[in-house]
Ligand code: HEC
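Encoded as structure tokens, the following chain is the form predicted alone, with no partner shown.
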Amino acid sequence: MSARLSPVLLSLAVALGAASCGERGGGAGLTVVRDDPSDQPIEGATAEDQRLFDEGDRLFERVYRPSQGLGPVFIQSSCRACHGAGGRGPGSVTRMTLVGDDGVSARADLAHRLPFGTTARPQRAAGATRGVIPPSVLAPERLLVSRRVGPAVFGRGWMEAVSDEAILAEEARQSASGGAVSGRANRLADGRIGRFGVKARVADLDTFSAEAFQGDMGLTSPRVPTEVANPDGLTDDLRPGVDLGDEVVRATAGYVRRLAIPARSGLSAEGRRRYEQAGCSGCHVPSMATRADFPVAAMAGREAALYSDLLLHDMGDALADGIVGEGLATEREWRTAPLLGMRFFRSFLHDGRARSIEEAIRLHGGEGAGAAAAFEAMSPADRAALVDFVRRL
């Protein structure tokens, strides 16, 4: 939960305990509690925005129990377990699929071979005796298991606010350029444009919250009223019927919608030049225009400094996860990750395999290979300037 009561609050350690945002200091027996810069409401928030932010913040922190509908199979028992204080991780999701001889392309018979889906849900509650875990698969079939780190949720309201027209205009610009970089919008079955999830499989934050409650915690709601498939065949849990009212889903989404992009400082002109020179801005577009009619007035008709085009790009075989069925996204395609609050991250890329920004750039393949090569060709000083620029975003 955010510590917004004061910039610096001193109190007895026995009263505060081991607060996650605290630091020892201020004398023996005292704890200094500081504001969390990754868990702040948007600038220009109205009193109503602040009320909705605080209401959703409490729900985001809530730990659910089986009596409240947790399970039968699940991954985590709270939102913060995957998105601590609005940030990235520490939780993650394991994905699994069967691939062909190329080690990348998904097999066509997944529903038969993986009857409980492609997401592992190892934890159990409400009478479940078995979780959903990667199965043992015999040759010549290949089981590909991958990881997705829980993304930061700050700034996501700005992603929702970006207009469809801005996304499609960027798609058209890249297509007309004739270059290697040519992203595409993930058009969903209902005709909307996806923008949430690492493959842009969801169009809005209310749907994303409802699916996260159901998929990660087994908490059903009017938007997603059925339990996920599980080995025991359980169709309900210890809370009969739908577990959450839609007001909980909307309030949780309302908090995420109003989370600010963490303040940036120290962005150098030299670092920006190197960022442009390497071609990073070809996908990580500095800003996108938001809708004039977005319901949060402070975000309507503005420029959203996302450093993302919100488009899908083919990133090559090395980053492919074999997962399909998330809108139009192929096994090799990923939505351009917004470069927001990079200083809070300790690992990078969708699965956290890169331990530094520099390593993440070098691992770009497919449409990102040109930027990776341009980065490699730079002098050490120029590379350092680019990395420092990204780290401050």
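One-based numbering along the sequence shown. Treat the numbers as computed from the prediction; the structure is a model and nothing was measured.
The same protein also exists as the form predicted in complex with heme C; that form is not shown, yet it is the one meant from here on.
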Exactly one of Arg95, Arg107, Arg250, Arg302 has a non-hydrogen atom within 4.5 Å of heme C in the predicted bound form; which residue is it? Arg95
Would Glu170, Leu259 and Pro262 all count as contacting heme C in the predicted bound form, using a 4.5 Å heavy atom cut-off? no
So in the predicted bound form, does Pro134 come within 4.5 Å of heme C, heavy atom to heavy atom? no
Answer yes if any heavy atom of Val198 is within 4.5 Å of a heavy atom of heme C in the predicted bound form; otherwise answer no. yes
Check whether Gly316 has any heavy atom within 4.5 Å of a heavy atom of heme C in the predicted bound form, and answer yes or no. no
Quick one: is Thr220 in contact with heme C in the predicted bound form, heavy atoms, 4.5 Å cut-off? no
Which of 274-282, 220-228, 97-105, 184-192 has heavy atoms within 4.5 Å of heme C in the predicted bound form? 274-282
